[in-house]
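Shown next as structure tokens: one chain only, the form predicted alone.
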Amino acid sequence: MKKSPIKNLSASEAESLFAELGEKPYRASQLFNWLYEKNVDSFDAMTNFSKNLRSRLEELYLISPIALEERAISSDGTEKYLFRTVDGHFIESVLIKRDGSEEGRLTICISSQVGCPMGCRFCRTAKIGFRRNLSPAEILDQICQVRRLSGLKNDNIVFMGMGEPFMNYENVMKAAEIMNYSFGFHISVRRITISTCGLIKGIERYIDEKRPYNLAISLNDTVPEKRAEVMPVEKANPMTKIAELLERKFPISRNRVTLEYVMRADNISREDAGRLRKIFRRGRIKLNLIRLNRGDHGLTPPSESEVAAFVRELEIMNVPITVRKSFGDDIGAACGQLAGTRYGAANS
């Protein structure tokens, strides 16, 4: 009999399982505590369950639906993990140490799909094409595995790895909800960021459902034709429509939405800054700027002086601006570099 990944279960689904097994509902919270807080890798470790219950769970369920294939560590402390799924696909996750040490803020960048269907030119994942969505269990087990393998407990999650999260909406939201359980990971909703390349239907659904997580949208250009060249999503999801939606619907009481902007030599002129200010003049936003990372995309990164000049122009917007440092470039772990391949192959 094929085993199901137990990390696919929500709290209510786990309660139903234990009821079927003749157990009390509180067993569900105990299960989640073992899976996520204690992060065990076997049912035998769940010592407050009877031997019979542990045996039954072992017959029915699989704890880890992914396995480590390779681990690479950058000179800046960033760690990249290549995982193999049960059906033989590969995904990557990244552990980012913001100040290069284990004492600062620890972020795990996780994947939501095997490959990606969006075709962004600057992203290596796009070259794989789309294979399939990840299950909630495969999403959650990335965190479990990285924590277990690194020995570190992160405080921040970003859905910025392989894939477009809003193309796997239900599984991503289910996984995010489980991350927030007080009897599991207990990661604050303000420490969970879901990033999209700009799918309008997904953004609107996310807002209408009043999802509490941080929302980030990849913009990366201010001229529709130029954006469409590097991000085909622009054709059906124009950035001007995204700006209108945010102005009309994004709640004032919530955190600002983050606009992610990958800076190239040809998209950070004074005119680009002016268009950005105009398009999002009424939106409750903050800007996250990152310099284009190396890759086989044929695009040109900007110079430091060009970046500084762009930031000065944007400061007139009077919104929070962060120029994000790239982490893990030497191991192919920086923004746009995840490709689901071995480190040597990705950098050859």
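All of these numbers come straight from a predicted model, not from anything done at the bench. Numbering starts at 1 and follows the sequence shown.
The next section is about a form of this same protein that is not shown, the form predicted together with ligand SAH.
Undergrad: Let me know the one among C335, A339, I331, A14 whose heavy atoms come within 4.5 Å of ligand SAH in the predicted complex, would you?
TA: Of the candidates C335, A339, I331, A14, C335 is the one lying within 4.5 Å of ligand SAH in the predicted complex.
Undergrad: Would you mind picking the one in L140, M239, L276, C197 that has a heavy atom within 4.5 Å of ligand SAH in the predicted complex?
TA: Exactly one listed residue reaches within 4.5 Å, namely C197.
Undergrad: Just to confirm, T78 within 4.5 Å of ligand SAH in the predicted complex by heavy atoms?
TA: Answer no; every heavy atom of T78 is more than 4.5 Å from ligand SAH in the predicted complex.
Undergrad: Taking heavy atoms only, is P136 within 4.5 angstroms of ligand SAH in the predicted complex?
TA: Although ligand SAH is absent here, P136 would stay clear of it in the predicted complex, with no heavy atoms inside 4.5 Å.
Undergrad: Answer yes if any heavy atom of I192 is within 4.5 Å of a heavy atom of ligand SAH in the predicted complex; otherwise answer no.
TA: Taking the distances in the predicted complex, the answer for I192 is no, it never comes within 4.5 Å of ligand SAH.
Undergrad: Does at least one non-hydrogen atom of R27 fall within 4.5 angstroms of ligand SAH in the predicted complex?
TA: Contact with ligand SAH, no.
Undergrad: Report the stretch among 118-126, 69-77, 82-90, 182-190 that approaches ligand SAH in the predicted complex to within 4.5 Å, counting heavy atoms only.
TA: Single hit among the candidates: 118-126.
Undergrad: Does ligand SAH, in the predicted complex, lie within 4.5 angstroms of each residue among D272, E313 and I321, using heavy atoms as the measure?
TA: Judged in the predicted complex, none of D272, E313 and I321 sits within 4.5 Å of ligand SAH.
Undergrad: Are there residues in 155-183 with a heavy atom within 4.5 Å of ligand SAH in the predicted complex, and which are they, in order?
TA: Counting only heavy atoms within 4.5 Å of ligand SAH in the predicted complex, the contacting residues of 155-183 are F159, M160, G161, G163, E164, P165.
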